[in-house]
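Single chain ahead, by itself, as structure tokens, in the form predicted on its own.
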């Protein structure tokens, strides 16, 4: 019984040390992070007001339930083989995000670098309206409520297209969501996560794959050039 107090103090000290090591110290470390000089300015760059509104649309529609925004390190899965990023994702990438839309399921592909993989806004609009139009076999639902469908005959706005007798026109929510997706880019070399040497001084390449994880996984096979308007 005389060893009881010592055992209690030992357990308490072990718990306190573990809490400090695993929770408090990392919180202090991440809390001291700041924007860094990289490329042509400070990274991460600020999103436009439209893209910030798009982040709210992304969150409200539950996109985070099917998509992650985290490229895993080499050797931990097939993220690099699928062309989802050119380097692993690190804490620096999320400094401007409130909240961080990290996600934990990959029913669809990772989107951490989708703005560089698919830089064409028209591709995203058509993909949202009819995912199989861009990615055959996609399991993603169609978000047609983000578009106005009206009889053809009026002036066709930019980023709209004709489908049969109707014009398909993106709503402001669709424009905001696409602006947010285009802002998801991690083509900046960081000390803790450098880009491959071949890309350090090269413009971002279109490694485009937006296929579900169980569908087309290689960049070459999944790149879909924009289809001409019908």
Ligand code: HEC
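Residue numbers count along the first chain shown, from 1. All of these numbers come straight from a predicted model, not from anything done at the bench.
What comes next is about the form predicted in complex with the named molecule, which is not displayed.
Can you work out which of 191, 46, 49, 62 has a heavy atom no more than 4.5 Å from the named molecule in the predicted bound form? Result of the distance check: 62.
The chain here is shown without the named molecule. Which stretch in 70-78, 92-100, 110-118, 156-164 comes within 4.5 angstroms of it in the predicted bound form, by heavy atom distance? Heavy-atom contact with the partner occurs in 110-118.
Heavy atom to heavy atom, is residue 169 within 4.5 Å of the named molecule in the predicted bound form? No - in the predicted bound form, heavy atoms of residue 169 and the named molecule never come within 4.5 Å of each other.
In the predicted bound form, does residue 87 come within 4.5 Å of the named molecule, counting heavy atoms only? Contact check for residue 87: no, nothing within 4.5 Å of the named molecule in the predicted bound form.
Looking at the partner-bound form in the predicted bound form, is residue 55 within 4.5 Å of the named molecule by any heavy atom? Contact with the named molecule, no.
Since only the chain is shown here, I'm wondering whether residue 66 would be in contact with the named molecule in the predicted bound form (any heavy atom pair within 4.5 Å). Looking in the predicted bound form, residue contacts with the named molecule include residue 66, since a heavy atom lies within 4.5 Å.
Going through 110-144, which residues have a heavy atom within 4.5 Å of the named molecule in the predicted bound form? Please give them in sequence order. The stretch 110-144, when checked against the named molecule in the predicted bound form, contributes 111, 114, 117, 123, 124, 127, 128, 131, 135, 138, 139, 140, 141, 143 at the 4.5 Å heavy-atom cut-off.
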